[in-house]
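Given as structure tokens, the chain that follows is alone and in the form predicted alone.
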Amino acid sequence: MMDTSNWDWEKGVKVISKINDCDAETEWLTEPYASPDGEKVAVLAKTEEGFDVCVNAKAWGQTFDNAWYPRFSPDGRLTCVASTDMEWTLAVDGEPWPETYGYIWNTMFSEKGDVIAAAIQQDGTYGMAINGEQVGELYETASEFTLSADGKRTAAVVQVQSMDAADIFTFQQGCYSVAVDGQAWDIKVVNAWTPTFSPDGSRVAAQMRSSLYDYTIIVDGTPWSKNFAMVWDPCFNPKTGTVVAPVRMAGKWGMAENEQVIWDPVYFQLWEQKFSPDGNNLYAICAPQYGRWTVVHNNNTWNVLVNTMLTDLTVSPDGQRAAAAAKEKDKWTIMADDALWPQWYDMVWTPVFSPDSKHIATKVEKPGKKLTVAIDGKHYKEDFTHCWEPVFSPDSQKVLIRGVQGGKFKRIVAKVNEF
């Protein structure tokens, strides 16, 4: 979890920088990216020589042939995928990793931000790198790249058996596996998806297609003994270490735990399951009726329904509440505690709970592409042309708003009761 205790939580407005300013000669600038603490704003800058990066209007002074995908780590460092002389690497606060690759993408961070990882391609083979060093072996293909929460371990779906185009017979025998720390499990499967680490990073589970018609969950290289018509992403119970996944049986979806069905298959759809931190509460998004969506809590469905989409399920720190982004026809709101917020928007983003679990905040888009932050169904008094997800103070009494007004990036700390 990101440590926000050392951030400036003094109430007020701070103008950080103009987003179109840069102390280098530039031809054009990209859209801005804000740091998690709101103290920095970055833009990619096209110069006569190539690409540079401006942070708070000050250029790195490091020019690349190409650069893209700027992302701040949770600890506030700025990363950027960059190339020079046809070789790609990751630049961190202006310093490129010493190692270069045929290509690099999908930057990932540990929860604290002290570890930075990325997917890499070298000479037509694929894998991952951590802090600039290749992890284990590279493979013919790789996808579904994953980093453990502490950043010490990696996992990905990899191809371990070559096959020619349209060679369906080799494909059906199994060409894929999961590589953990760059070493593939012994088993070969038809397909695998979404390798997932346990909270302590010691174990890995993934979806597995064992034949053209059978799916199950594989944990640390050993498949469940039962197959299902389909499965979705597995997750670990943080308290017991058991693995839970939605499974499809006889045309409906239920929930299985260590291959035993714990929620009968009565749902038209069931996914995005999330445990409370203590492991005692399991929430998921479900469709109890065809095309109607709600939240299910420990196999008890909420009564409120929406007809188009429900996504980005989030569980409160105390495990007693959950919220998700809900779409009804062409409008969005937040579904929380078996109710919908009264305000509807053109778009809402992932809901965020305060540390004391009492408040829910999210970034919203009002008509006219006006962006702002809403808490508990009430939005902030000002609008922005760019806005980022809100962050609560450790005491849950304030919220950090990061937004652009009139070409200026502002860091605003507001009290929750101002909404």
Partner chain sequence: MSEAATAKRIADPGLDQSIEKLTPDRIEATILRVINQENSARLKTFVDTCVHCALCSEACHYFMSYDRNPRYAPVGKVKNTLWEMIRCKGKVSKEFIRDAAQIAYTECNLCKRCVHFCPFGIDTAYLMTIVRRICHLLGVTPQYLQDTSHSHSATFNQMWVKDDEWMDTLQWQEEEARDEFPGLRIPLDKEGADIMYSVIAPEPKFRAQLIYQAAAIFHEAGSDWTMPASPGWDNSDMAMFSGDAEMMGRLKRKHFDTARRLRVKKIVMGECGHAYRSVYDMGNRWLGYKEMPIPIIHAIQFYCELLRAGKIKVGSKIKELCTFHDPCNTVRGMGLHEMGREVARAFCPNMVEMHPNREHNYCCCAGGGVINCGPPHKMTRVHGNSIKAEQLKATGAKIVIAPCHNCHGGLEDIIHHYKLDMKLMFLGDIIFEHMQKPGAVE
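Computed from a predicted structure; not experimentally measured. Positions refer to the first chain, counted from 1.
As for the form predicted in complex with the partner chain, it is not shown, yet the points below apply to it.
The partner chain is not drawn, but in the model of the complex it has no heavy atom within 4.5 Å of residue 294. Residue 344 falls outside the set of residues with a heavy atom inside 4.5 Å of the partner chain in the model of the complex. Using a 4.5 angstroms limit between non-hydrogen atoms, residue 209 touches the partner chain in the model of the complex.
By the criterion of a heavy atom within 4.5 Å, residue 369 is counted among the residues contacting the partner chain in the model of the complex. For the marked spot (9, 283 and 304), a heavy atom within 4.5 Å of the partner chain in the model of the complex is absent from each of the three residues. Only one segment in the set 304-312, 109-117, 93-101, 235-243 has any non-hydrogen atom within 4.5 angstroms of the partner chain in the model of the complex, and it is 304-312. This chain is displayed alone, yet in the model of the complex one of 197, 349, 263, 185 has a heavy atom within 4.5 Å of the partner chain; that residue is 349. For the options 276, 269, 333, 146, the one in contact with the partner chain in the model of the complex, meaning a heavy atom within 4.5 Å, is 269. Contacts between 59-97 and the partner chain, taken as any heavy atom within 4.5 Å in the model of the complex, involve 66, 67, 68, 69, 71, 88.
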